[in-house]
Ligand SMILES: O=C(O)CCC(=O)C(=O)O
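The chain below stands alone, shown as C-alpha coordinates; this is the form predicted alone.
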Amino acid sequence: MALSQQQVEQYHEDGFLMVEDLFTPSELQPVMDEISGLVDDLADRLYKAGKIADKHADQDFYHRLTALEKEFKGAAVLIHTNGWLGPELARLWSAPRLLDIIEQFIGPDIAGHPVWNIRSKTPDTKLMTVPWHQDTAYLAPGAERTLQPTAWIPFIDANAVNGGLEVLRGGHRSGKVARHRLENTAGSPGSWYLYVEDNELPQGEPVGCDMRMGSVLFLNQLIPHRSRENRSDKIRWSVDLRYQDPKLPSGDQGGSGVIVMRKAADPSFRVDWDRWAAEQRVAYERQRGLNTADPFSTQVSGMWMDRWRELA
(Lines give C-alpha, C1' and ligand atoms only; values in the text may rest on other atoms or scores of the structure.)
Protein backbone atom coordinates (compact mmCIF):
# COMPACT_ATOMS: atom_id res chain seq x y z
CA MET A 1 0.00 0.00 0.00
CA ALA A 2 1.24 3.47 -0.85
CA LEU A 3 0.33 6.65 0.99
CA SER A 4 -0.57 9.79 -0.88
CA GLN A 5 1.95 12.62 -0.83
CA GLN A 6 -0.51 14.52 1.33
CA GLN A 7 -0.50 11.74 3.92
CA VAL A 8 3.30 11.61 3.99
CA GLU A 9 3.45 15.36 4.48
CA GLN A 10 0.81 15.13 7.20
CA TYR A 11 2.89 12.57 9.07
CA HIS A 12 5.96 14.80 9.03
CA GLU A 13 3.98 17.95 9.85
CA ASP A 14 1.72 16.57 12.61
CA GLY A 15 4.08 13.92 13.99
CA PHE A 16 1.50 11.19 13.56
CA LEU A 17 -0.75 9.64 10.94
CA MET A 18 -3.64 7.21 11.27
CA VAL A 19 -4.14 4.81 8.37
CA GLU A 20 -7.56 3.23 8.65
CA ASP A 21 -8.30 -0.42 7.91
CA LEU A 22 -4.75 -1.32 6.88
CA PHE A 23 -5.44 -4.86 8.08
CA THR A 24 -8.59 -6.89 8.50
CA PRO A 25 -9.38 -8.37 11.93
CA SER A 26 -8.86 -11.85 10.48
CA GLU A 27 -5.34 -10.87 9.38
CA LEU A 28 -4.54 -9.84 12.96
CA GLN A 29 -6.07 -12.97 14.49
CA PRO A 30 -2.84 -15.08 14.28
CA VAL A 31 -1.01 -12.51 16.42
CA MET A 32 -3.91 -12.48 18.89
CA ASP A 33 -3.76 -16.27 19.06
CA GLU A 34 -0.02 -16.07 19.70
CA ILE A 35 -0.57 -13.57 22.53
CA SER A 36 -3.26 -15.87 23.93
CA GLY A 37 -0.59 -18.55 24.06
CA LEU A 38 1.60 -16.25 26.19
CA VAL A 39 -1.31 -15.74 28.60
CA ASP A 40 -1.94 -19.48 28.72
CA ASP A 41 1.72 -20.14 29.50
CA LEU A 42 1.71 -17.49 32.23
CA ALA A 43 -1.43 -18.99 33.78
CA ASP A 44 0.21 -22.43 33.84
CA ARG A 45 3.33 -21.09 35.53
CA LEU A 46 1.40 -19.06 38.10
CA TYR A 47 -0.82 -22.05 38.91
CA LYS A 48 2.08 -24.49 39.28
CA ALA A 49 3.85 -22.02 41.58
CA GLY A 50 0.77 -21.69 43.76
CA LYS A 51 0.31 -18.04 42.91
CA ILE A 52 -3.27 -18.48 41.65
CA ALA A 53 -6.07 -20.94 42.43
CA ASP A 54 -7.73 -20.84 39.00
CA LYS A 55 -6.19 -20.61 35.53
CA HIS A 56 -9.40 -19.00 34.19
CA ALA A 57 -9.20 -21.02 31.00
CA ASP A 58 -12.88 -20.32 30.35
CA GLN A 59 -12.18 -16.62 29.78
CA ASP A 60 -11.57 -15.16 26.31
CA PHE A 61 -8.78 -13.02 24.84
CA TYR A 62 -10.27 -9.79 26.18
CA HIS A 63 -10.93 -10.99 29.75
CA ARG A 64 -8.58 -13.78 30.83
CA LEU A 65 -5.55 -11.69 31.81
CA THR A 66 -7.84 -9.43 33.85
CA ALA A 67 -9.02 -12.46 35.82
CA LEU A 68 -5.41 -13.53 36.39
CA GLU A 69 -4.52 -9.98 37.45
CA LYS A 70 -7.18 -10.08 40.15
CA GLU A 71 -5.52 -13.14 41.69
CA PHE A 72 -1.91 -12.12 41.07
CA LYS A 73 -1.25 -8.40 40.93
CA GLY A 74 1.33 -7.89 38.23
CA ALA A 75 0.17 -10.55 35.75
CA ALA A 76 -0.29 -7.83 33.11
CA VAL A 77 3.23 -6.54 33.81
CA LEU A 78 4.66 -10.04 33.29
CA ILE A 79 3.07 -10.20 29.84
CA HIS A 80 4.50 -6.79 28.99
CA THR A 81 8.01 -7.76 30.12
CA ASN A 82 7.97 -11.24 28.61
CA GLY A 83 10.19 -10.23 25.70
CA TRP A 84 9.44 -13.27 23.53
CA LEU A 85 9.00 -12.43 19.86
CA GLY A 86 6.76 -15.02 18.26
CA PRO A 87 6.73 -15.81 14.54
CA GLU A 88 3.29 -14.29 13.94
CA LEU A 89 4.26 -10.98 15.54
CA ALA A 90 7.51 -11.03 13.57
CA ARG A 91 5.50 -11.59 10.40
CA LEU A 92 3.27 -8.61 11.22
CA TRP A 93 6.27 -6.41 12.05
CA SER A 94 7.82 -7.07 8.64
CA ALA A 95 4.54 -7.11 6.69
CA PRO A 96 5.10 -5.62 3.21
CA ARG A 97 2.24 -3.15 3.56
CA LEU A 98 3.82 -1.74 6.74
CA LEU A 99 7.29 -1.62 5.19
CA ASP A 100 5.93 0.09 2.08
CA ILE A 101 4.58 2.90 4.27
CA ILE A 102 7.73 3.12 6.39
CA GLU A 103 9.77 3.35 3.17
CA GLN A 104 7.87 6.52 2.29
CA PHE A 105 8.93 8.02 5.63
CA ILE A 106 12.59 6.95 5.88
CA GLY A 107 13.70 5.53 2.53
CA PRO A 108 14.23 2.04 1.06
CA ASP A 109 16.65 0.62 3.66
CA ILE A 110 14.58 -0.41 6.68
CA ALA A 111 15.37 -2.03 10.01
CA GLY A 112 13.22 -2.89 12.99
CA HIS A 113 14.29 -1.18 16.21
CA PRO A 114 15.04 -3.54 19.12
CA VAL A 115 12.59 -1.74 21.42
CA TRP A 116 9.13 -3.16 20.71
CA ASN A 117 6.22 -3.93 23.03
CA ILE A 118 3.12 -6.01 23.58
CA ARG A 119 0.73 -3.85 25.62
CA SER A 120 -1.67 -5.68 27.93
CA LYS A 121 -3.80 -2.79 29.12
CA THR A 122 -6.13 -4.44 31.60
CA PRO A 123 -9.02 -2.35 32.99
CA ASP A 124 -8.22 -0.02 35.88
CA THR A 125 -4.59 -1.15 36.17
CA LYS A 126 -2.42 1.85 37.02
CA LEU A 127 0.82 0.31 35.79
CA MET A 128 -0.70 -0.10 32.32
CA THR A 129 -1.55 3.61 32.02
CA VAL A 130 1.34 5.41 30.35
CA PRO A 131 1.87 9.14 31.09
CA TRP A 132 2.92 11.88 28.66
CA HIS A 133 6.33 11.07 27.21
CA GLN A 134 8.45 10.95 24.06
CA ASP A 135 9.61 7.50 22.97
CA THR A 136 13.14 8.69 22.29
CA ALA A 137 13.56 9.56 25.99
CA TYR A 138 13.95 5.83 26.66
CA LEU A 139 17.02 5.73 24.39
CA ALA A 140 20.52 7.11 24.55
CA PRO A 141 21.02 10.84 23.97
CA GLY A 142 21.33 11.62 20.27
CA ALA A 143 18.79 9.03 19.13
CA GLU A 144 16.27 11.81 18.59
CA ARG A 145 18.18 12.75 15.44
CA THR A 146 17.30 9.41 13.81
CA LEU A 147 13.78 9.26 12.42
CA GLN A 148 12.22 6.20 14.09
CA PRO A 149 8.57 5.77 13.11
CA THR A 150 6.41 3.60 15.34
CA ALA A 151 3.46 1.55 14.13
CA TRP A 152 0.94 1.32 16.99
CA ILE A 153 -1.57 -1.45 16.29
CA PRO A 154 -4.53 -2.18 18.60
CA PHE A 155 -6.33 -5.53 18.63
CA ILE A 156 -9.65 -3.94 19.52
CA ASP A 157 -11.43 -0.73 18.57
CA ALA A 158 -9.43 1.80 20.61
CA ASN A 159 -11.10 4.86 22.10
CA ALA A 160 -11.20 7.21 25.08
CA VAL A 161 -13.08 4.64 27.19
CA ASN A 162 -10.72 1.67 26.86
CA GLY A 163 -7.38 3.48 26.94
CA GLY A 164 -6.72 4.69 23.42
CA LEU A 165 -3.77 6.98 22.74
CA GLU A 166 -3.67 10.76 22.92
CA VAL A 167 -0.98 12.77 21.09
CA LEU A 168 0.15 16.39 20.97
CA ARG A 169 -0.15 17.36 17.32
CA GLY A 170 3.05 19.09 16.23
CA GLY A 171 4.80 18.49 19.56
CA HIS A 172 7.78 16.95 17.74
CA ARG A 173 8.71 19.96 15.64
CA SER A 174 11.41 21.39 17.90
CA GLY A 175 13.49 18.26 17.36
CA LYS A 176 14.32 18.27 21.07
CA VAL A 177 13.76 15.88 23.95
CA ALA A 178 11.79 17.45 26.78
CA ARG A 179 12.93 16.96 30.36
CA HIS A 180 11.58 13.63 31.59
CA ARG A 181 11.14 12.45 35.15
CA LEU A 182 10.90 9.01 36.71
CA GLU A 183 7.38 8.11 37.74
CA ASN A 184 8.69 5.73 40.38
CA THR A 185 10.11 8.67 42.34
CA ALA A 186 6.80 10.54 42.17
CA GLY A 187 4.51 8.28 44.18
CA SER A 188 4.43 5.25 41.87
CA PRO A 189 7.17 3.01 43.28
CA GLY A 190 6.42 0.06 41.00
CA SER A 191 6.44 2.09 37.81
CA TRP A 192 9.23 2.15 35.23
CA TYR A 193 7.68 4.93 33.14
CA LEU A 194 9.08 8.32 32.30
CA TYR A 195 6.83 11.35 32.16
CA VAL A 196 6.90 15.04 31.26
CA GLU A 197 5.32 17.59 33.57
CA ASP A 198 2.31 19.28 31.98
CA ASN A 199 3.97 22.70 32.13
CA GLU A 200 7.07 21.36 30.36
CA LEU A 201 5.29 19.69 27.46
CA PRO A 202 6.05 21.07 24.00
CA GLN A 203 3.30 23.13 22.44
CA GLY A 204 0.77 21.10 20.55
CA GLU A 205 -2.90 20.31 20.14
CA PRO A 206 -4.11 17.29 22.18
CA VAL A 207 -5.73 14.78 19.83
CA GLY A 208 -7.48 11.59 20.90
CA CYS A 209 -6.68 8.77 18.50
CA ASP A 210 -9.87 6.72 18.37
CA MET A 211 -9.45 3.99 15.78
CA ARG A 212 -10.99 0.80 14.50
CA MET A 213 -9.27 -2.54 14.89
CA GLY A 214 -7.16 -3.07 11.77
CA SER A 215 -6.11 0.58 11.62
CA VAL A 216 -2.53 1.63 12.34
CA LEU A 217 -1.27 4.77 14.05
CA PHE A 218 2.18 5.89 12.87
CA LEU A 219 4.08 8.05 15.37
CA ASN A 220 7.22 10.15 15.19
CA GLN A 221 9.61 9.24 18.02
CA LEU A 222 9.52 12.81 19.36
CA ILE A 223 5.79 13.39 19.49
CA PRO A 224 4.51 13.49 23.09
CA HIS A 225 1.78 10.92 23.67
CA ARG A 226 0.09 8.98 26.44
CA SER A 227 -2.46 6.22 26.90
CA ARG A 228 -5.65 7.01 28.74
CA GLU A 229 -7.23 4.98 31.54
CA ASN A 230 -9.01 1.78 30.52
CA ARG A 231 -12.49 2.17 31.99
CA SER A 232 -14.06 -0.59 29.93
CA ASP A 233 -14.51 -4.25 30.88
CA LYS A 234 -12.17 -5.51 28.13
CA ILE A 235 -8.38 -5.57 27.77
CA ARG A 236 -7.03 -3.08 25.24
CA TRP A 237 -4.37 -5.25 23.64
CA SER A 238 -1.92 -3.57 21.27
CA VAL A 239 1.62 -3.72 19.96
CA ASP A 240 4.07 -0.97 19.11
CA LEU A 241 6.68 -1.75 16.46
CA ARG A 242 9.50 0.63 15.57
CA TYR A 243 11.60 1.17 12.46
CA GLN A 244 14.59 3.18 11.27
CA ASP A 245 17.33 3.37 8.63
CA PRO A 246 19.78 0.61 9.68
CA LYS A 247 22.79 2.83 8.97
CA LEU A 248 21.80 5.45 11.57
CA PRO A 249 22.27 5.38 15.37
CA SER A 250 19.49 3.53 17.16
CA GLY A 251 20.04 4.77 20.70
CA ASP A 252 19.64 1.17 21.83
CA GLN A 253 21.38 0.77 25.17
CA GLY A 254 20.91 -2.99 25.41
CA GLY A 255 23.30 -4.02 22.67
CA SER A 256 21.04 -6.26 20.57
CA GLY A 257 21.11 -4.01 17.51
CA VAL A 258 18.50 -3.44 14.84
CA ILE A 259 16.99 -6.16 12.66
CA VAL A 260 17.33 -5.40 8.95
CA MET A 261 14.04 -5.96 7.13
CA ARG A 262 14.52 -4.43 3.69
CA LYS A 263 17.58 -3.63 1.55
CA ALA A 264 17.29 -1.45 -1.53
CA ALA A 265 20.32 -3.17 -3.05
CA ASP A 266 18.91 -6.67 -2.51
CA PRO A 267 15.20 -7.07 -3.38
CA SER A 268 15.37 -10.78 -2.49
CA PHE A 269 16.62 -10.12 1.07
CA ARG A 270 14.90 -12.14 3.81
CA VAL A 271 14.94 -11.42 7.54
CA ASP A 272 17.01 -13.77 9.72
CA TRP A 273 14.52 -13.81 12.61
CA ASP A 274 15.91 -16.84 14.45
CA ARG A 275 19.37 -15.42 14.98
CA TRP A 276 18.17 -11.94 15.90
CA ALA A 277 15.45 -13.12 18.27
CA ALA A 278 17.94 -15.22 20.26
CA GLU A 279 20.37 -12.32 20.57
CA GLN A 280 17.59 -9.85 21.29
CA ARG A 281 16.20 -11.87 24.20
CA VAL A 282 19.53 -11.71 26.05
CA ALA A 283 19.88 -8.00 25.37
CA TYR A 284 16.24 -7.39 26.32
CA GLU A 285 16.79 -8.84 29.78
CA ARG A 286 19.89 -6.72 30.22
CA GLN A 287 18.10 -3.61 28.95
CA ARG A 288 15.10 -3.92 31.25
CA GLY A 289 16.90 -5.40 34.21
CA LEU A 290 14.59 -8.39 34.46
CA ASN A 291 14.97 -10.34 37.67
CA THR A 292 15.75 -13.87 36.51
CA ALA A 293 16.15 -15.04 40.12
CA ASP A 294 12.41 -14.46 40.62
CA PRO A 295 10.43 -15.37 37.49
CA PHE A 296 7.38 -13.58 38.91
CA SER A 297 9.07 -10.31 39.79
CA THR A 298 7.28 -7.27 38.37
CA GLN A 299 10.15 -4.89 39.09
CA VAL A 300 11.66 -3.34 35.99
CA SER A 301 14.78 -1.22 35.74
CA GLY A 302 16.62 0.05 32.74
CA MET A 303 19.35 2.31 31.47
CA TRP A 304 16.81 5.05 30.72
CA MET A 305 16.32 5.38 34.47
CA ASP A 306 20.00 6.17 34.94
CA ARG A 307 19.83 8.79 32.19
CA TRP A 308 17.00 10.74 33.79
CA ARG A 309 17.81 10.03 37.43
CA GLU A 310 20.99 12.05 36.96
CA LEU A 311 18.86 15.06 35.98
CA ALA A 312 16.33 14.68 38.80
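Numbering starts at 1 and runs along the sequence shown. Computed from a predicted model, the values in this text were never measured in an experiment.
What comes next is about the form predicted together with this ligand, which does not appear here.
4.5 angstroms heavy atom contact with this ligand in the predicted complex for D135: Looking in the predicted complex, residue contacts with this ligand include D135, since a heavy atom lies within 4.5 Å.
This ligand contact in the predicted complex: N82, any heavy atom under 4.5 Å: The answer is no: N82 has no heavy atom within 4.5 Å of this ligand.
4.5 angstroms heavy atom contact with this ligand in the predicted complex for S191: Close contact is absent here: in the predicted complex, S191 is far from this ligand, nothing within 4.5 Å, heavy atoms only.
Contact test in the predicted complex: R119 vs this ligand, heavy atoms, 4.5 Å: Although this ligand is absent here, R119 would touch it in the predicted complex, with heavy atoms inside 4.5 Å.
Contact residue in the predicted complex, chosen from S215, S238, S94, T125 - any heavy atom within 4.5 Å of this ligand: Going through each option in turn, the one that passes is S238.
Listed residue that, although this ligand is not shown, lies within 4.5 Å of it in the predicted complex (heavy atoms), from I101, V177, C209, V130: Exactly one listed residue reaches within 4.5 Å, namely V130.
Region of this chain that lies against this ligand in the predicted complex, out of 106 to 114, 197 to 205, 225 to 233, 183 to 191 [heavy atom, 4.5 Å]: Of the options, only 225 to 233 has residues within 4.5 Å of the partner.
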